[in-house]
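What follows is one chain in structure tokens, specifically the form predicted on its own.
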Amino acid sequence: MSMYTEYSTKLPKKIIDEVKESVPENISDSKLKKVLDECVREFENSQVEAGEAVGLVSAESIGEPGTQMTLNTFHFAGVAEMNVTMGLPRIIEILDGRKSLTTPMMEIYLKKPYNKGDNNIRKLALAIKGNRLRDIVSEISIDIADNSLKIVLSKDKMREIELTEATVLKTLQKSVKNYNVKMEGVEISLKAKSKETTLNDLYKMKEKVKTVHMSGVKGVTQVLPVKRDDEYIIITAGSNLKDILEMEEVDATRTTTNDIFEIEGVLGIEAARKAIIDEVFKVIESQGLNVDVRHIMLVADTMCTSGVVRGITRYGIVSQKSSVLARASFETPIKHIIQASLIGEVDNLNSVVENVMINQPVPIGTGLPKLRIKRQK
């Protein structure tokens, strides 16, 4: 045990824990010393020199393989509805900090016994899938003479998702204003209260009624139970982390979504940082490229350092820079310079871009040390 304590000042705790797990328990002290010395050597080799331009190196390390990236979109085997943005479009989507994703999706892990894949999982998947009125009707028609909408419900579809006519009626009465909602058998009629309701209004109402949420989790449009290793998980198109985590069958510690802003809202900024790293790394790995995770970590840190997720755009982290010239060098320079002159902003020329602009040595690498001369009186 003392050997590990001896090295605890030279190596991070995580590396020491990994060594503990990897070496046999009955290893001799001399062999363990060799292993730990090798770890120290590797660790010191992989550390960054003081004054290294880490941002630049990260940009190149991600940018260079990014240009080799094929622009493919990745499909789940044989399921056309489940296409997920991958490749360069996905990386752009993450790093730009886009709020609305092209293909939001979740991976829902389940507690035992739900993850064993018998009938339970199909039931649960159907309970999660968000159903709108359009999913349970066989037809919606407009009755011009009566100024009303006629909705015919489909018994089979309702039986499948265990929905009763009474629930549908109740939900519609709550969500539809200015219309009397009545039910006769499997037919629901929506009659306009006002005499001035035009045909155009009825058409608008018809489209609006189709999207009324009936059951399941809002925002989840498709569900797909999939076997992963020795358990079943549910993959969804559409995402709603907050509501899913509240379900008792769901394993909240492993369930994830690819929507970074949703993770930030539900689990906080640290979780969002981790999500950015995982998502970018997943794309790079799936393309068979090799980028050191520390470059991605730096990008994620930069995006999350202000406490909220900001994209790498002129509205995101660039607008947060303290240097006027650095902001002006990115896009829309005149706007930034006029804004800074109006409030009398001072630029201390602390970073790279602004020093390049005014032709001074940049404060990285050998430009970092400063010499001072002690003059004789």
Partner chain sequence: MVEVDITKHILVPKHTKLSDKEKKEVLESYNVTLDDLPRIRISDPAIKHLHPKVGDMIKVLRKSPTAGESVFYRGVIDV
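Everything quoted here is computed from the prediction, not taken from an experiment. Residue numbers count along the first chain shown, from 1.
The same protein has a further form, the form predicted in complex with its partner chain, not shown here; the description that follows concerns it.
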| request: Mind telling me which stretch in 86-94, 191-199, 223-231, 245-253 gets its heavy atoms within 4.5 Å of its partner chain in the predicted complex? | output: 245-253
| query | Is the gap between residue 278 and its partner chain in the predicted complex 4.5 Å or less for some heavy atom pair? | reply | yes
| task | Give a yes/no on whether residue 306 approaches its partner chain to within 4.5 Å in the predicted complex, heavy atoms considered. | result | yes
| said: Would you classify residue 268 as touching its partner chain in the predicted complex, given a 4.5 Å non-hydrogen atom cut-off? | reply: yes
| said: Quick check on residue 293: any heavy atom within 4.5 Å of its partner chain in the predicted complex? | reply: yes
| request: Have a look at 161, 297, 169, 140 for me and say which one sits with a heavy atom within 4.5 Å of its partner chain in the predicted complex. | output: 297
| said: To verify the annotation, which of these, 150, 157, 274, 210, has a non-hydrogen atom within 4.5 Å of its partner chain in the predicted complex? | reply: 274
| Which residues within 7-34 place at least one heavy atom within 4.5 Å of its partner chain in the predicted complex? | 12, 13, 14
| note | Quick read on residue 273 and residue 9 CA atoms in the predicted complex, 3 Å or more from the shown distance, and they're closer
